[in-house]
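Listed next as structure tokens is one chain, alone, in the form predicted on its own.
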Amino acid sequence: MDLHIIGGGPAGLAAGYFAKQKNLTFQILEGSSDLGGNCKTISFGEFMYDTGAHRFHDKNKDVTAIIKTLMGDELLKVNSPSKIFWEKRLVNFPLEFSNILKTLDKTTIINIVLENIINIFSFNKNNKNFKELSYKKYGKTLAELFLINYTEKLWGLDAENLNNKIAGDRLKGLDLYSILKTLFIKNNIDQKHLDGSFYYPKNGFGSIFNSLGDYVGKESISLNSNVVEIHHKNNLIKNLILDNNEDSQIKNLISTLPLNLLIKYLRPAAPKDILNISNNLKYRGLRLAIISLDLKSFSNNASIYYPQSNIPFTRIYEPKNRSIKMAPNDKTCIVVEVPCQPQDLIYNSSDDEFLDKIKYNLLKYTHIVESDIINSTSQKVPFAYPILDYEIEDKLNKLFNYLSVFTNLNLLGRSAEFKYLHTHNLFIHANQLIKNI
């Protein structure tokens, strides 16, 4: 066997795709009974929903071509922008000044303009954390209004304790030039930064990975195959032990496991300092409330973000706005995201307790009324996001330097690389890894 891949989620399946393209012999070992990882599409009565507000963005022409070939006419081009809920109003997301100008009072707008002018002429300095970066990019007023509170709620840490790499593309598109253009050029509406154009499969985002699984082939996938030990010797991964005591000899290994689990499974065990760093890595989980509604539509938006600390959820997305196949014509469904840690009360409360809390807040902060609610269910999504604190780079460097001695081991995916990655990133990296095998 040329290659073993641990994990049948998006990263593992992407690796399997390129391995098959290269005519390698390989096996994907998936611990659960189905493929897709945290990118599954689940049926709920007459409705379907994804385990996350997933969308496929056309960021790389080669990856887009692969997905289009896999999905054919199942892949839809969708235009559905996102919004931020702010003081009972909806603001465009990503932020754009032309929209903010219509929303905020004159004093606040003046403060925003002045702060951005000061930022232009201030000395460039290292932005040590996310708070400093957002102040530098947006100015304090705008950052505190829309960005800092949401980010702290999402990641569960104060903004000054978060690495500035969590920003991704969210800080693009709002600068002094766009402010001045909006103020002095009439009828200027710059729509290019609206995060509303993307691809999405007719039958849910998870169908991309079902199609990948079909392409890879059942003979190359082992479900219910939990790795419990990873044995190494002389700087090589030698064999894997599964929970059924099956022993697989290894030539090359790609791991999509969460980084801390990979290190935990190594035999002989990693040095104590490596184990200590690894054991203290944190991943943010999600708990989802799926609410079916006796309404034709909840909103026109792909997602609505809720930055306020008094509202327990961060985002609501409506599957029907991605594909009409996700709900009946006369009804809809919303998915409410609550970021939390596995030890949090809201993560461990009963389904009834959790759903009652979410419904109470939906009735309070949205337009739905109790009679609109048909049914509800709950879903937990572990390892949704790696938590990037401001000291994370030094910690990760030590872990990756240790793992780099294993010459036949490669890491792939959001949890394994401890990076906030999207589908196109996974395919690009998977292709590079397979070329090197």
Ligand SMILES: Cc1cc2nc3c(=O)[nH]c(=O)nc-3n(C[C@H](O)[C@H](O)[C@H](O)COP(=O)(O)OP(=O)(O)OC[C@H]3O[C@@H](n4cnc5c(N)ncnc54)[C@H](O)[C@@H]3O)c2cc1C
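All values derive from a computational prediction rather than experimental measurement. Quick note: we count residues from 1 along the sequence shown, nothing fancier.
Another form, the form predicted together with the ligand, is not on view; read the next lines as being about it.
- In the model of the complex, at least one heavy atom of F205 sits within 4.5 Å of a heavy atom of the ligand.
- Looking at A430, you'd find every heavy atom of it more than 4.5 angstroms from the ligand in the model of the complex.
- In the model of the complex, the ligand sits within 4.5 Å of a heavy atom of L421.
- Contact check for S197: no non-hydrogen atom falls within 4.5 Å of the ligand in the model of the complex.
- Contact with the ligand, judged by heavy atoms within 4.5 Å in the model of the complex, is confined among 391-399, 41-49, 64-72, 24-32 to 24-32.
- Exactly one listed residue, out of I290, A302, I100, L286, brings a non-hydrogen atom to within 4.5 Å of the ligand in the model of the complex: L286.
- For the candidate set W86, Y135, Y265, Y365, a heavy atom within 4.5 Å of the ligand in the model of the complex is found for exactly one residue, namely Y265.
- Applying a 4.5 Å heavy atom cutoff to the ligand in the model of the complex picks out I6, G7, G8, G9, P10, A11, G12, L29, E30, G31, S32 from 1-32, in order along the sequence.
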